[in-house]
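Only one chain comes next, encoded as structure tokens, the form predicted alone.
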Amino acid sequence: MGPRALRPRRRQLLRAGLAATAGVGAALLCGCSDRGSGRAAFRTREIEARWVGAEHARGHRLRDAATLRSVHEPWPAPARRVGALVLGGGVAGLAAARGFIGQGTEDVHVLEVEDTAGGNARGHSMAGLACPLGAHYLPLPGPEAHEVSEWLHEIGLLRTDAAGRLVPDERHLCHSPQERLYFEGQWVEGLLPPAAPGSPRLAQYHRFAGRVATLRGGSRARGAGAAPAFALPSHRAAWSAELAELDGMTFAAWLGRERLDDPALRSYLDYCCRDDYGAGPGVVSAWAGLHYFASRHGFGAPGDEHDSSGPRDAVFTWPEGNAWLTARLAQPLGSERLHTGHLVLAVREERGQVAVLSLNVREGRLQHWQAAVAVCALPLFVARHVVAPAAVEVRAALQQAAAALTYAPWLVANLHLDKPLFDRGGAAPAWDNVLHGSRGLGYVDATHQMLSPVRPGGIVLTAYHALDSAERAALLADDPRPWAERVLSDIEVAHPDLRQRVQRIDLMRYGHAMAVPRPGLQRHPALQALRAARGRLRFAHADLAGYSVFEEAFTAGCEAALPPWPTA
């Protein structure tokens, strides 16, 4: 889902919670020949399509009457007493657990509803080839995300050079070519549609680049040491009346005000917003649309020193995507402290402790936990139903924050191919491949990082689709074939032999993949109150930022685990 977002950041589908999907319902999809259309013909055959990944039925048990009754009945005794408890095993929850361990609290336990931790950054495998089920890369962190940099240094992705600077281990950076765009019948380098010298389109590119640069440079005008106007994590950026105005309108309204109406520019910006936030410029705030560029590398028009038609800033990536990272976050916990298959049913603050009731979904058994401190790393739409903070103001903030958020559903499809696809002319096959004007978000080559040109297991392509909220219910269908067909129809525009090459399609559905940064969410009082809560129960999730990226979730988890904690 959306890296460019991190390109700023793509597919940063962080932990969206319990509404994802599941079971392995297999179906057969017919490939078809296309004789007479000018495309290569091939025989009709069957393509297996199936759902994989999270079990949406687990999260939906929170709506089950019998489950709700168990919350109000006496909880099982005796309770299991632990030092610290983290609810949710996404990026924020795993970062919080790491924080506790780093401070000497070894008796920390994580409850995760799915069978593997990682949230929106989990991995998969097809024919022995690793591939992502969500977020698939991480840009080099900026100075404000120092917790992320410190951890990357700890695990060897960043090293200190002779001058004392942190530099990346190039073995884990995305190989070239990094990205390309299918535009008007051929592939072009980069993701920005081409613009002829002297054209009105190029003039608009330059004007948009200038506005982004001006906004990025606002903090420098205030003097050395001033907080930047845009930063990741966003709560470490400066705030001003100008930024508040941007947060109060949609990105589309701002573009209209600035008379930035070139169709190619608008199409590109629509892609960027859907890729990073799950919704287009007519939905997300102008602050969010500009943050996409201003918090990272800015926007470069063709011919500029930082050219958007060329390679983006370096990013870390792996065949399994950001599951490579979450696996390393989870590894120190082991199975003794990471409890998968545990659905959190209720959380309540009691005198001197936090009590939690969970359901072991594999065993069908309730479990009562007691901890001196706890971090709720669940998405807020789930937390509002299970968490009862002791402080009245925190309880009110939780309800208000959850009511303010809306979530984008996502579809992630992994396609196993027996051979490389036929490629139309232009730029060479890249890691990230986007089709201009498509309702999908393109695909990444999960095998792009393999150094050997020989790929005996074939190739896996991972396609991403940000869906409209009205499509959420349709994601629950048992039959995956309509969704597989949607993916195939989208990609075969550029690759006419796609159906001939595809051996199987594994689809992952996220009902509530990420919070959408609508107008008014930045500096929302309720979100700020939850981030600032410093009782025995604290909150950590990318939702607190109003949008979903790795840096936001990781930092929230680190901050939530920081002392001091109540002692009485």
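In case it trips you up, residue 1 is the first one in the sequence shown, and so on. Note that this is a predicted model, so its numbers are computed, not measured.
The next section is about a form of this same protein that is not shown, the form predicted in complex with a small molecule.
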Name the stretch, out of 535-543, 66-74, 499-507, 517-525, where some heavy atom lies within 4.5 Å of the small molecule in the predicted complex.
535-543
Looking in the predicted complex, is the small molecule within 4.5 Å of a heavy atom from each of 112, 118 and 121?
yes
Contact of residue 62 with the small molecule in the predicted complex (heavy atom, 4.5 Å)
yes
Do residue 85 and the small molecule come within 4.5 Å of each other in the predicted complex, heavy atoms counted?
no
Using the partner position in the predicted complex, report whether residue 137 sits within 4.5 Å of the small molecule, counting heavy atoms only.
yes
Would residue 285 count as a contact of the small molecule in the predicted complex, using a 4.5 angstroms cut-off between non-hydrogen atoms?
no
